[in-house]
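Just one chain follows, in the form predicted on its own, and it is written as structure tokens.
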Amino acid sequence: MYEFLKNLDRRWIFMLMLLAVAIPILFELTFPEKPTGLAQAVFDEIEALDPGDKVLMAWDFDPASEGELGPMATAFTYHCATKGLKLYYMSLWPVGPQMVDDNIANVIKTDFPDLVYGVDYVNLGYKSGNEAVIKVIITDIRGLYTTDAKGTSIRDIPMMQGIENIQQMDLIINISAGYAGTTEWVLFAVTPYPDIRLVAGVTGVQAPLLYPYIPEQLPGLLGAIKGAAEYEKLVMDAYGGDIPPERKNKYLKGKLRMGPQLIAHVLIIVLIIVANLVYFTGKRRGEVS
């Protein structure tokens, strides 16, 4: 066995990794998820809201990060729409409005056709300026947003009546792939105005950088596809009973994507162990210096 493993062509290892990723995808293999405290906190913040409460949905990501963040966006919209919350979408990223439109088409127009644009949800679109946008809308949203993403005047949108700034929002949900994103929302919205409630979903590389803000400025946080899968479980356990089976998988994208990731990680660990066994066996035999 030692000689076989020592001389194993590395192409077989590449083939094993291909199978480890492909098989879970092809057969839609999933594994149980146990939500962590941070995912539970995100869920609880939304659960604490009442029908008609206002939620600012700040989608600060683009297609490059959709693999990690798209499932969060889908689950957030489904959860909020199910509870009857008023959804105010916006973005600090140029491609953000398209991600919002895709999210609305995938969730609201499919599973909540009774919701009316301008009454139950609105896409305010993109504004350039990064954190400068937050600094303005925290006290005067009409100073920047005179129309929605479609060009409709704010004065003609029913759900914008009486909205002067984002301090009137009952919760801010931010999905962030980088700058500008959750860090800027924490620093320029929540920190100077501690009554603002913020939860977020971010990429895996961002999550550790936000831990210092938990739980004061950031009571809940979803990190990468694992956080998305945990949150999906909470939402589907609470509200997924009425979704037809043929449409339910779109609300389990995070869980489905965890399958190949888990198998691939297990394979890597096994390969590391085997490689070390081969190395130390060779060293004991004097074949490795």
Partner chain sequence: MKRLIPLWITAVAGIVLIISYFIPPLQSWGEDAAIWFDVLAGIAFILGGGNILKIHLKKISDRVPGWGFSVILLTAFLLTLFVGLSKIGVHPNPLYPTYAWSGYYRQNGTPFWWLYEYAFKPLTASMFAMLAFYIASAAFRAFRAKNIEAVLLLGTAFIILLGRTFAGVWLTSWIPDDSGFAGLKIENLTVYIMQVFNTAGSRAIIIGIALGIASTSLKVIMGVDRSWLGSGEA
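Numbering follows the first chain given and starts at 1. For clarity, every value in this text was computed on a predicted model and none was experimentally measured.
Just so it is clear, the following notes concern the form predicted together with the partner chain, a form of the same protein that is not shown.
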Residue among V199, V133, V107, I166 with a heavy atom within 4.5 Å of the partner chain in the model of the complex
V133
Under a 4.5 angstroms heavy atom criterion, identify the one residue in I46, V55, L252, L38 near the partner chain in the model of the complex.
L38
My question is simply whether T152 lines the interface with the partner chain in the model of the complex - judged by any non-hydrogen atom within 4.5 Å.
yes
Quick one: is L209 in contact with the partner chain in the model of the complex, heavy atoms, 4.5 Å cut-off?
yes
E68, heavy atom within 4.5 angstroms of the partner chain in the model of the complex
yes
Contact of L262 with the partner chain in the model of the complex (heavy atom, 4.5 Å)
yes
Suppose contact means any heavy atom within 4.5 Å; which members of 106-133 contact the partner chain in the model of the complex?
N123, Y126, S128, G129, A132, V133
